[in-house]
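Given as structure tokens, the chain that follows is alone and in the form predicted on its own.
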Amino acid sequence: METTVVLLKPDCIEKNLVGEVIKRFEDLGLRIRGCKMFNASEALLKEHYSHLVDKPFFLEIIAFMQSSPIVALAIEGANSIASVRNHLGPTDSTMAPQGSIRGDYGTDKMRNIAHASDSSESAAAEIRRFFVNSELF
């Protein structure tokens, strides 16, 4: 069993898709261990997206992620990292197949409904970044 992090982005919130996205993960047999809605601080987002700091779109991502609250999920299951990423589809929603979450609901590379951890190392770091132990069940 492993735990991964999913961040439901502002476009997910604005389209009222939070329940639908969570249902899709639960339908895979994955379990929600933590769930919270909050306004992400600039400092938190700069830490989370630090690997993109040199990209020309870095500040646009920060502004987008602060345009509404986000929902952080800690999701547990066998092979949850790969399963979640597979069911989300490619980062670029225009390339995501119908039936995937991004293919059904995303718009582009940034407005793609959700972020998901891409490895066990990033999942561990993101769990620490977005949750305290008492928020995980």
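Throughout, we count residues from 1 along the sequence that is shown. Keep in mind it's a predicted model, so treat the numbers as computed, not measured.
The form predicted in complex with a small molecule exists for this protein as well; it is not shown, and the discussion that follows is about that form.
Undergrad: To test your reading of this chain, name the stretch in 67-75, 83-91, 37-45, 24-32 whose heavy atoms come within 4.5 Å of the small molecule in the predicted bound form.
TA: Going through the listed ranges, the match is 83-91.
Undergrad: Flag residue 61 as yes or no: does it have a non-hydrogen atom within 4.5 angstroms of any non-hydrogen atom of the small molecule in the predicted bound form?
TA: Output for residue 61 is yes: heavy atoms within 4.5 Å of the small molecule.
Undergrad: Since only the chain is shown here, I'm wondering whether residue 52 would be in contact with the small molecule in the predicted bound form (any heavy atom pair within 4.5 Å).
TA: It does: once the small molecule is placed as it appears in the predicted bound form, residue 52 has a heavy atom within 4.5 Å of it.
Undergrad: Residue-level question: is residue 96 within 4.5 Å of the small molecule in the predicted bound form, judged on heavy atoms?
TA: Output for residue 96 is no: heavy atoms all beyond 4.5 Å of the small molecule.
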